[in-house]
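Same chain, two versions here, written out as structure tokens and called structure 1 and structure 2.
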Structure 1
């Protein structure tokens, strides 16, 4: 038995018994807040930008105005083939995407509590994409904003997915001398388009 197998077998043998999750009455969290206003505020607090659009089809033209000098772009929105300058099918390995300027993905859950957006395997063609792009653009229907993470987890529980992540704001760290650094470990900016 290798040391890895030994460690894993010891950990498995010493797992605590599973505990039932508490049954929460989510009605106690209903407070009549304006979800869209709260969501926008939280996105901006964590360093993101919010843009209102009337229809999803207007996102590409506005992204092109916000980021006019980009060379490597990719979008998963329908009808955006002309915007895409890279082909994921032609990639040999994800490292070839290190110069990706803009990535546009659609999220189907936004959380007003903390401005987080949910992305699952269904929305991310390659898992590393949201973390290596310079500018991340997420598109969200305002009807998919939920008040708290409790409601988001209820929605996620009913979907079949192997991977998912909540993203809130651009990458940031402030561990060194209380100096906030944006984009140290991920996207330099996050722009959320709400329609």
Structure 2
């Protein structure tokens, strides 16, 4: 018998009688919080920065003033050809992104309870981009903030995603004596622009 058959037959023989799958009542979680305020607070709690902008078009100029000395820049925002100093088409392999200083991506879901932003293959042209960049900037419309992860998954379920990630804050570690250090293997900083 193959290991597959072996495992499946043992799982079948050893499992208990079928138990019902619980129905989730999302009303039990409602806490009446101000979504935008909560979202911003949580981003700061997890080590990120929040910037309010009136319109999306202002993001690039704000980024340029926040990060004046960056060399390798890339953005997926419309009309940012002048900002982009690298071309993804010119890359032979993702490893060449190692020197990327700043990356701007758009997210279409923000989660108030934990300050996480959803990115999927739709928004990330090369999967390693938001992890390998030194500084990550995410842009979100405040209409797209949902209270909890449950509502985020209701939105995600409708789209087919090959790869997706919730990002909440910059890369961090506390593996040396529980001292929190921002900037482990992924992005050193996260700035979220909300419009």
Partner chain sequence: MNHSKAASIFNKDEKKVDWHDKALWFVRHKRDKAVHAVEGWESLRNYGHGIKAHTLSNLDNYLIQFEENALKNGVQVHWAANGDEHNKIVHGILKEHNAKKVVKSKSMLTEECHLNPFLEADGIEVIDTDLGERIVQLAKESPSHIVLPAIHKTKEEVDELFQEHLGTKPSGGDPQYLTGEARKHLRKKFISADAAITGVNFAIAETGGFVVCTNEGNADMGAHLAPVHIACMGIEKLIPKQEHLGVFLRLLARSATGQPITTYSSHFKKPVNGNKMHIVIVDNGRTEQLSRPDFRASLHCIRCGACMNTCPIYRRSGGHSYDATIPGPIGSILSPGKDLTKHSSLPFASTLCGSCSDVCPVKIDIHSQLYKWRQIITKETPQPFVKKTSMKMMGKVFAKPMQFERIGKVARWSLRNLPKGVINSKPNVWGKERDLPSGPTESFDDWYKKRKDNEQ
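Residue numbers count along the first chain shown, from 1. Between two forms, the rigid core is the largest collection of C-alphas that superpose within 1.5 Å. Predicted model, so just to flag it, every value in this text is computed and none were measured.
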Query raised in the report: Is the form predicted in complex with its partner chain structure 1 or structure 2?
Result: 2
Requested in this report: Could you tell me whether the Cα atom of residue 174 shifts by at least 2 Å between the two structures after core superposition?
Outcome: no
**Report entry** Following rigid core superposition, Cα shift of residue 20 between the two structures in Å
**Finding:** 7.5
Query raised in the report: Following alignment on the rigid core, what Cα displacement (Å) is computed for residue 7 between the two structures?
Result: 9.8
